[in-house]
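Below sits a lone chain in structure tokens, taken as the form predicted alone.
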Amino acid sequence: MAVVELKNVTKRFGGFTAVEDVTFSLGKGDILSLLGPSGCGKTTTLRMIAGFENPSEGDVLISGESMLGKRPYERNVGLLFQDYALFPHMTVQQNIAYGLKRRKFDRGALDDRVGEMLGLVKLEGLADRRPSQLSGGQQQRVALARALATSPEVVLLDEPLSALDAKLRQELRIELKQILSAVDATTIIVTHDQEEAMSLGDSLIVMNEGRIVQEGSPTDIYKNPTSRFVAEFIGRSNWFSGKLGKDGDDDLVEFSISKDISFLIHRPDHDAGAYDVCIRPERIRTEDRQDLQQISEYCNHLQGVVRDVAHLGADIHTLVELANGEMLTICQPYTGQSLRQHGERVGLAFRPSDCIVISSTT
């Protein structure tokens, strides 16, 4: 039985449709990331599962039971809000114990459970502090402990790391995934951060304008986006527009982007006339042209001129202009190599399998 199931859920606010015909289900311990731009309907979807909004159409089920008409406190759901919503006048211990008290835990069981949660989120020794005495990361852990303390069937996290600085957000991302996996919680995470969504979720749903536009594993969606919107929203991308040319070997076909520039791609399943091709920046190699030609699988070779180089610590981003004026971004790991210079001519290489081919109409 699915722990969470949405069946053709639609939510309207007057004449505005915020969520339209959303259907998905999650099993025990599944972690789903709901990803999309602001206003796409992901938070409204979360609020309907939590009970803060009622669907205009469709049904929300938890463990097979319809939640229609049930208030938030009548659902066994744990919530972690974007701003954490800790009670400032309460200690860490009292914040974590809040939901347990409402469920009439006896004192001994309550203290044991709070102690267990403090250990889970690594806040032993801080039970008597108030939220104002904690760092942002510590507050986030208290909020998570409070959400998990009642052993909810479903845990809902709304932008759980957005209030933290970039470095702490990256550190806690790993820790959060470990904690959720340890408690085997069925979890839905709402975020607009692609890295957060891909690293936390076992599965991923991309939403736009109230609808699900693609769902699957993070790897599958990154490698095989079904539309230009998804490809651009999940990761960085270089785009070419063009038409198919003459056939190559195997299932390869020439893709022409200008009179003098073409490369090989895998032939699309359907003839759509015009296509867009996406190549991820990390899939393009920059080497001397002579070296590139010795690598047989990198059969696509282009020439360009370096227009900008940005050293971002672990990565180097190089902006290269092709002969037709198009700009490509190349992302490579920094391993101590010398940086390319502005105006330097550079060879580019990539494989047909590195090209994501999408119909221009999608």
Partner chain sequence: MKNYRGAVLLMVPGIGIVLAFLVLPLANVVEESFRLFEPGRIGAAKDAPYTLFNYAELLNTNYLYYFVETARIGLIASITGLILGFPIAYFITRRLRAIWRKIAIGFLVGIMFISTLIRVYALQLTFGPTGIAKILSGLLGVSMNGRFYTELIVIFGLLHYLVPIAAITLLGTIQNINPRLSEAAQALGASRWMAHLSITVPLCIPGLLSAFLISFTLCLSAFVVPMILGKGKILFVSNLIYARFSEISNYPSGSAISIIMLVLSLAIIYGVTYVVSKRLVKY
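In this text, all values refer to a predicted model and were calculated from it rather than measured experimentally. Residue numbers count along the first chain shown, from 1.
One more form of this protein exists, namely the form predicted together with the partner chain; it is left out here, but the text below deals with it.
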| query | Thinking of the partner chain in the predicted bound form, which stretch from 275-283, 81-89, 242-250, 171-179 has heavy atoms inside 4.5 Å of it? | reply | 81-89
| request: Give a yes/no on whether Val77 approaches the partner chain to within 4.5 Å in the predicted bound form, heavy atoms considered. | output: yes
| Are any of the heavy atoms in Arg102 no more than 4.5 Å from a heavy atom of the partner chain in the predicted bound form? | yes
| query | So, in the predicted bound form, is Arg130 in contact with the partner chain at a 4.5 angstroms heavy atom limit? | reply | yes
| Any chance Arg146 has a heavy atom within 4.5 Å of the partner chain in the predicted bound form? | yes
| request: Would you mind picking the one in Gly136, Pro268, Pro72, Gly115 that has a heavy atom within 4.5 Å of the partner chain in the predicted bound form? | output: Pro72
